[in-house]
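Before any questions on how it binds or moves, here is one chain, the form predicted alone, in structure tokens.
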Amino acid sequence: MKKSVNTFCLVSVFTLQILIGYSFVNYQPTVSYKCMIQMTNYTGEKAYVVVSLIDPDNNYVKTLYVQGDDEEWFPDLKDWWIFSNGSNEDIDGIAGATIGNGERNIISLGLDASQIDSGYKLRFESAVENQEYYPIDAEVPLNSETIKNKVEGKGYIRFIRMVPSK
């Protein structure tokens, strides 16, 4: 009986230490946005679009979404490909079907709340097979005052509109 009480006390102390340790970990709350990508009326194949998180120094941080699931065409998104190189990130599960001319798609994006109002932005790159590549088709500043504004694209993207998810 005494041995089981000692074992119980040791397990309880160990569990308490783990719980106290986790209480000191600084978890950043996440915020979710729905993002509508409206494409222009262009001719040709469907577009590949990559959404990347860019830091205040204009460096890639991570890939948030890839629109287009045929990896053969990923190198056509040249700036993003240099960053990701197909190996710097695991992009499984964030790739969706390509999007055609005049179409729209709504995607969900999750961000750390600390990235809002801190100089970060979302970069949208686009490419179409055997046509132009737009390294910065659109950029959305992660600013709480302007993030919901409509942002015009410069290439295959007509505009981007973001709204907080509920």
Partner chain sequence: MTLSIWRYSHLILAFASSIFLLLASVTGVILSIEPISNKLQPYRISNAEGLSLAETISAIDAQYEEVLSISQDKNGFVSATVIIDNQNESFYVNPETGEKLGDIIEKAPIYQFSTNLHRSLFLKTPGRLFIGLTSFLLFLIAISGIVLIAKRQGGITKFFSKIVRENYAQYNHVVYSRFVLIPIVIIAISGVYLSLLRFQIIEENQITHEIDFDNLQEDPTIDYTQFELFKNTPLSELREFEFPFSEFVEDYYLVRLKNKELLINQYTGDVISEKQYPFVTIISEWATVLHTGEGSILWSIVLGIGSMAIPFLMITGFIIFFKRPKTKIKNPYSKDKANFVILVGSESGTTLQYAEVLHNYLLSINEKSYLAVLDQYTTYKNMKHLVVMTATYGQGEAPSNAKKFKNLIHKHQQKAHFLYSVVGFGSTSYPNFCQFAYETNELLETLPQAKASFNEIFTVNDQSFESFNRWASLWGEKTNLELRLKKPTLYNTKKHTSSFVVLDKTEKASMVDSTFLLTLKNTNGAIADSGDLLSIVPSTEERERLYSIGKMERNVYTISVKRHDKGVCSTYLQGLEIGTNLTASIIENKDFHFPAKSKQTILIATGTGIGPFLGMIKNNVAKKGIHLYWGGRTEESFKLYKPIISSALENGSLTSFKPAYSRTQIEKTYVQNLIKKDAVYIAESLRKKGCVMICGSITMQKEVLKELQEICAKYLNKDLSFYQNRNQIKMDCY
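Everything numeric here is computed off the predicted structure, so don't read it as measured data. Positions refer to the first chain, counted from 1.
The next section is about a form of this same protein that is not shown, the form predicted together with the partner chain.
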Problem - Heavy atom of Ile106 within 4.5 Å of the partner chain in the model of the complex - result: yes
Problem - Residue contact check: Asn101 to the partner chain in the model of the complex, 4.5 Å heavy atom - result: yes
Exercise for the section: Would you please decide whether Trp73 lies within 4.5 angstroms of the partner chain in the model of the complex, comparing each non-hydrogen atom pair? Expected result: yes
Practice task
Find out whether any non-hydrogen atom of Gly110 is located within 4.5 angstroms of the partner chain in the model of the complex, and reply yes or no.
Solution key: yes
Fill in the blank from the handout: Only one of 64-72, 51-59, 118-126, 132-140 sits within 4.5 Å of the partner chain in the model of the complex by heavy atom distance, namely 64-72
